[in-house]
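Just the one chain here, the form predicted alone, laid out as structure tokens.
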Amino acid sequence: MTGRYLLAKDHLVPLLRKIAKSNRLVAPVLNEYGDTLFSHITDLDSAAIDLAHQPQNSLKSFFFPQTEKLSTYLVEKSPKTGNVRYNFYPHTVENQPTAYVGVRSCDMFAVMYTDMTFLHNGERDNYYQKRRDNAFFITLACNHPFPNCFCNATRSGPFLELGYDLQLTDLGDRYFVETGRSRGMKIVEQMGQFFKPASEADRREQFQLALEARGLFQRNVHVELASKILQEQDEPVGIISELSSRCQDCAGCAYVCPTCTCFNIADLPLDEESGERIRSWDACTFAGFSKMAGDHNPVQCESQRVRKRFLHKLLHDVAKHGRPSCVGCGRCVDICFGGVDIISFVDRVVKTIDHCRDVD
């Protein structure tokens, strides 16, 4: 059963200091350049934890690093036969308990969605799982959605109903705290000096904020309608071609997206007798993503560069998982200087309905 408590705002850092004794801390931190980024905190006293702004990055890189070593290999030659053999030795991932603090609903939902990619039944990725096993999440409900957010349209926020260990709601001078999973209850039990029971008036105030937040979104994005249109109508070739012509192949959208998980694997020699197998992020908008042997590329990059990205998120994932893989964080809108973001695609697809009505 979910417990409800209050945490005074000036008790948050002391609580985190206590948690940090047995956990690594990751939270949104305002750096010296004015950027808010999810960062590993080594010194709570000097870290400028920023819970007022959206982090420019997501939690993806903490579970699925942009570049990671999968294994090392040695080239060994048989002294008898002279045959050369490659022996691979898997890299061991450190499984350090980590508390992720100030995680917005969209980012928490993105982690749960990524689980379906890397922890799917028997096809479990050991590297991802070891980082995921001891993760502890203190999420932050969004009382005031950011300008380009649309998690209401993707059913991933602005308040969570599951997935968190502790969920905080800002009530002004205090946080309303909800316990989700057993780890959250354990924190409250072990560190009860920081918490006090919430009253019925506190619960009503939190419920009112949750209702009001749903009416504060500045973007009206019809994600479910766009998915339905993509399922029932022909592929929007003209829209894809138009947006592809504006895409600059930078992959900024894929890199900031919390649910994009395409990767490439390469063997990098260190010397004549050894090397490393490396996994690194890739993006379906890259010209070389679909290039095949013989330099053949089945994708016409000039007209189909963004096709895989948008259809994957709004069509294929809906068919596979029953929901889009977009969580409405709006980061791709913020980063794309060409306006080739998922809101632009959704808006254009939805307008095709109005166009058809005008023709009729």
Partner chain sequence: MAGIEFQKQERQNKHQVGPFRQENIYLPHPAIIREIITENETVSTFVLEFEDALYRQEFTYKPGQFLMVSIPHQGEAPISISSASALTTTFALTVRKAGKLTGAMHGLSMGDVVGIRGPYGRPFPMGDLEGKNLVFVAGGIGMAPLHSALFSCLEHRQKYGAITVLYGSRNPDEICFSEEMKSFEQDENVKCLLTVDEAGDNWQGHVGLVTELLDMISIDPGTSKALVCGPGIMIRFVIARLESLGMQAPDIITTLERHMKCGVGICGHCHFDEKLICSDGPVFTRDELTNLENI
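Treat the numbers as computed from the prediction; the structure is a model and nothing was measured. Positions refer to the first chain, counted from 1.
There is also a form predicted in complex with its partner chain; it is not shown, and the following applies to it.
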Honest question, do Phe38, Gln66 and Val103 all end up within 4.5 Å of its partner chain in the predicted complex by heavy atom distance? no
For Arg132, is any heavy atom within 4.5 Å of its partner chain in the predicted complex, or not? no
Is the gap between Glu273 and its partner chain in the predicted complex 4.5 Å or less for some heavy atom pair? yes
Taking heavy atoms only, is Arg323 within 4.5 angstroms of its partner chain in the predicted complex?
no
(message) Since only the chain is shown here, I'm wondering whether Asn83 would be in contact with its partner chain in the predicted complex (any heavy atom pair within 4.5 Å).
(response) yes
Checking Val26, Leu70, Cys301, Ile49 against its partner chain in the predicted complex, the residue with a non-hydrogen atom inside 4.5 angstroms turns out to be Leu70
If we test each of Gln190, Gln231, Gln218, Asn264 for a heavy atom within 4.5 Å of its partner chain in the predicted complex, the one that passes is Asn264
The stretch from 170 to 178, 279 to 287, 245 to 253, 201 to 209 that lies within 4.5 Å of its partner chain in the predicted complex, judged by heavy atoms, is 279 to 287
When its partner chain is considered in the predicted complex, the residues of 299 to 319 having a heavy atom within 4.5 Å of it are Gln304, Arg307, Lys308, His312, His316
